[in-house]
Structure formats: C-alpha cells, structure tokens
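Consider the single chain below, provided in structure tokens and representing the form predicted alone.
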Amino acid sequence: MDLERITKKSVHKILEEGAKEAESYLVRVRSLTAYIDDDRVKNLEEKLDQGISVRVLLNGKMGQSSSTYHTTRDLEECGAKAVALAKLSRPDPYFKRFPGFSQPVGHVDVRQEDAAMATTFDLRSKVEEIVEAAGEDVKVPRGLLRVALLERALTNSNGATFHEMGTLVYAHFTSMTKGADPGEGCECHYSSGLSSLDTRAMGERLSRKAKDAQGAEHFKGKMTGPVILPPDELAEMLLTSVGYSLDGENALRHRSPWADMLNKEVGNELVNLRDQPWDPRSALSCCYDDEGSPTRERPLVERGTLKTLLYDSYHAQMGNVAATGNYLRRDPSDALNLYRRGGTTLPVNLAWRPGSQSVEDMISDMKEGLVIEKLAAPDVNSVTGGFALEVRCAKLVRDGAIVGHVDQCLLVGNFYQALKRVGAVGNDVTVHRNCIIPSVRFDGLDIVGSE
C-alpha cells in the first residue's frame, strides 16, 4: 500500500477513536552507509526504516504518538495512544486546528537517480577514492558516506495532504598527518545527489588541511581585523544565531533579539539572506513542510533589513499570523527515525546571496587578518550573539598575502554586531547542512593569542 493511502486510512481510524482533528505523518527510508576506520572500509550498512507520527486535537487538547509501522495494527495503536494522551493533556488556548489544504506554490525534484539507485559497492568505491586522494603522507582515521532514499507523506482531517520523495547524501571525514605532532583536518559534504561529491577534491582538501594544521604556529598577542569565515564554519554560526532569531516562537516568547526588528536594520547592505526551499542542491528542499504547509521562497534579510520571521502553524495561531511553511522534522545528515522527532522552525534552505569576489580577491584586500580553516566548535550564544571560539587552524594574512598558518588562539566577537560589519561576500557558494552560502569576510573581529 502506498504511503498516501496509509496516512488517509490512519486519519480515518483516529477520528473513529473520538479525535476532533487528526494528522498522520508517515516516513519510509532506505539508507546506505559506508564507515571508514584508519584508511580502511570498516563496515557497509543498509537499513530500512518505516514509521508513523500522529498528532490529534480533542476539545482543545493535543496528543502525539509515534511508532514503527509494519501492520495496520501499528497504525491503530499509535492513533489510540495519541487520543489517550490528548485526554490527559491540559487544554491549549492557541492551537485551534491543523493546516488545511493548499496548492503548492513552487516545484522541486530532489530525488536524484544516482543516489536513489546507489549500492554499497558504489559507496565503498567512493570512500576508497577519497582515501587514495588524501595521499600516503596523510591518513583518514574516521569517516562515513551515507546515501538515503526518503519517502514521506502526510494527511490531516482538514484536507492537507502531500506525498514527496527525495534523496540525501552526507559525508564526513577526518584526516591526520603521519608522524610526530600530527595535524588534523575535517571535511563534510551535504547534497541531494552523489554526482556533486568530487572524491578527489575532497581527499586533496583533507590532505591540505591536515598539513596546514601541522605547520601552524601558536598565535602570539592580540589583533583586531578582518576575518574570513568559510561556508562550513559560518553555516553553524548562522544557524545558532540567525536561525534562532528568525523563529517566530522565540519572537513571541521574547527570546529572540530580532523580536521587534521587522523592517529594521540587523546587518549592513551586504547581508542578503533568503529562504530557498526549492533549491535542488539541498536534501531538505520540498514543496511542503513537514506539517503540510506549502513552502515559499521569501526574503529574510534584504540589504541588512529584516523582512520576515518564520512560523509553524501552532505559533502562527498564537501570533495571529500566517504559517510560513518552515516546520521541519528532517535532518540533512540522517534520514532514520524522522517520525520520532519533534519539529523545529527553521529556514528550509538559508541562502546568502553570493558576491563577485573569490576568496583570493578578499585576501588581497586585507592588511592583516585571518582566513579560518577550522574552529573547535563554531557555536554562538543564540540570545546575546557572543562567541569566543578556539581556532584550530587559520591562514595568517599580511599585506594581501598569506604568510603562514596559526593556531592556539581565540576568535572573539558578537555575531549580531558582526553582521553590521560584513566587509565582503565571496562567490564560492557551498551547501552545508541547510545553508547555501559563500565565504564571508567580517571586519573588526578580535583575535586573542598567548602573551
């Protein structure tokens, strides 16, 4: 039985249990993963996963339950548990109804054939190509390459329904130079298809990063100047700051620093952020979010001015606004157990409009600064925007040229303030998690090393 028919059958059964409104979300996943350990393929794994998540409304009370799905009895038991939990819950004054049916306003096909038809042999070959490209002087101690075919369907009692299929490709590898005092590197890849994974280029980057880290010298003293953040490190900082601030729930609960900033300045004119939910490069792209609201391309920050906040259906009703189609239960690195996850409100794909400069062009304009290669953990305080991040490896720039590599220092600043001091935006757009962004140069950040 196809997923759409199953979700409709599930909703019908739940309404018979006494629910006033019901939502059934069903996911079927085929996932292949190749794991590496010390340059060798350690394990090849294939998993099949199918499950259902049910939400119900009963006299102003909400209940939710999830379960693996094998038989019709699983559907019935999951629905009955959700109804029973609703009866035990307190009434909620805000959640009145689930979304109704809406026509999709865009189109995207994220089912890439090369990923959908991949085999464990294909994954083994690509992993071995990455290790070979890293070279004899560098080993790859840990890594994985994952491919998944994801089918998801939703039906609710208000007529909302969708059935979408997509593919996911995720890779994460570490590297280390051999011998005494080794340097380390790390590379990730996120996409909807295998063809975008250049195994030779990834292996060469792993080798270069490990060798750069091995040759890095401890940074001495202090410096205030421009810092270029690459897409992978910048994406993590964006999601923990801008992603948090755009969430309508955080705005309604007065946790977001952008709660009262609509149509006000939150960055300078080089900050141009959009939600691009129909970009085929990203595994999260979709026509409907994970509660049945249609997705839509929209400006988030335009020339530094905040244009919109994002709402799921619950918090849209709380704030008396329209849902924006940004309720996500999915993750760009793993497609298993999605039916067990709660939803979050985020841009489907947070895109930063690229500039015209290459990283080399941005470097040539720098008097003295850093080009970050690796941070220990690129976290930002979501509320204050403050950060003090350990730099594991960075290129030191003086008079427009790279003069060496440094480590053992802190990158210190405030990300919300840094958005107002963006000096240049690169043209090297990369997909990292659910961000589609280039390298960006931030001016006036502090670098603090040892005395």
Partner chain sequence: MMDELQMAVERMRAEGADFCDARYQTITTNGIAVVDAAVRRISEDRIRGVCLRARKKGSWGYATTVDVSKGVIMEAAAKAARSALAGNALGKPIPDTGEAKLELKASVRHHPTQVPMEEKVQAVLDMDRAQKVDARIVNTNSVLREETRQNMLVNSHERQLSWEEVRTTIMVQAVAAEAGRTEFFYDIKGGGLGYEVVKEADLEAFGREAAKESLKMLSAEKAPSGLLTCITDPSISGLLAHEVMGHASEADEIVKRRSFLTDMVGKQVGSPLITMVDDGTVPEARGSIPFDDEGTPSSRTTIIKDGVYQGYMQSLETAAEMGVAPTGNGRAQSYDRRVWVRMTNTFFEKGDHDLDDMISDVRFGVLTDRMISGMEDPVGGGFEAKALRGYLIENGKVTKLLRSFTLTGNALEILRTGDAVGNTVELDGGSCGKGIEDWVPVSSGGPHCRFKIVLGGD
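Positions refer to the first chain, counted from 1. All figures in this text were calculated on a predicted structure; none of them were measured in a lab.
The discussion below concerns the form predicted in complex with the partner chain, not included here.
J.: Which single stretch, out of 275-283, 299-307, 346-354, 168-176, brings residue heavy atoms within 4.5 Å of the partner chain in the predicted complex?
T.: Selected range: 168-176.
J.: Have a look at H189, R330, R146, K209 for me and say which one sits with a heavy atom within 4.5 Å of the partner chain in the predicted complex.
T.: Of H189, R330, R146, K209, the residue with a heavy atom within 4.5 Å of the partner chain in the predicted complex is R146.
J.: Which residue, S102, Q317, S358, N337, is the contact with the partner chain in the predicted complex, using a 4.5 Å heavy atom cutoff?
T.: Looking at S102, Q317, S358, N337 one by one, just N337 meets the 4.5 Å heavy-atom criterion.
J.: State yes or no: in the predicted complex, is some non-hydrogen atom of P182 no more than 4.5 angstroms from a non-hydrogen atom of the partner chain?
T.: It does: once the partner chain is placed as it appears in the predicted complex, P182 has a heavy atom within 4.5 Å of it.
J.: Would you please decide whether G400 lies within 4.5 angstroms of the partner chain in the predicted complex, comparing each non-hydrogen atom pair?
T.: Result no; G400 lies far from the partner chain in the predicted complex.
J.: How about D137: is it within 4.5 Å of the partner chain in the predicted complex, going by heavy atoms?
T.: Output for D137 is no: heavy atoms all beyond 4.5 Å of the partner chain.
J.: Looking in the predicted complex, any heavy atom of G215 within 4.5 Å of the partner chain?
T.: It does not: once the partner chain is placed as it appears in the predicted complex, G215 has no heavy atom within 4.5 Å of it.
J.: Taking the partner chain in the predicted complex, would N59, D109 and K264 all count as contacting it (heavy atom within 4.5 Å)?
T.: Spot residues vs the partner chain: no contact at all.
J.: Enumerate the residues of 30-57 that have a non-hydrogen atom within 4.5 Å of the partner chain in the predicted complex, in sequence order, or give none.
T.: Y35, D37, D38, R40, V41, K42, N43, L44, E45, E46, K47, L48, D49, Q50 sit within 4.5 Å of the partner.
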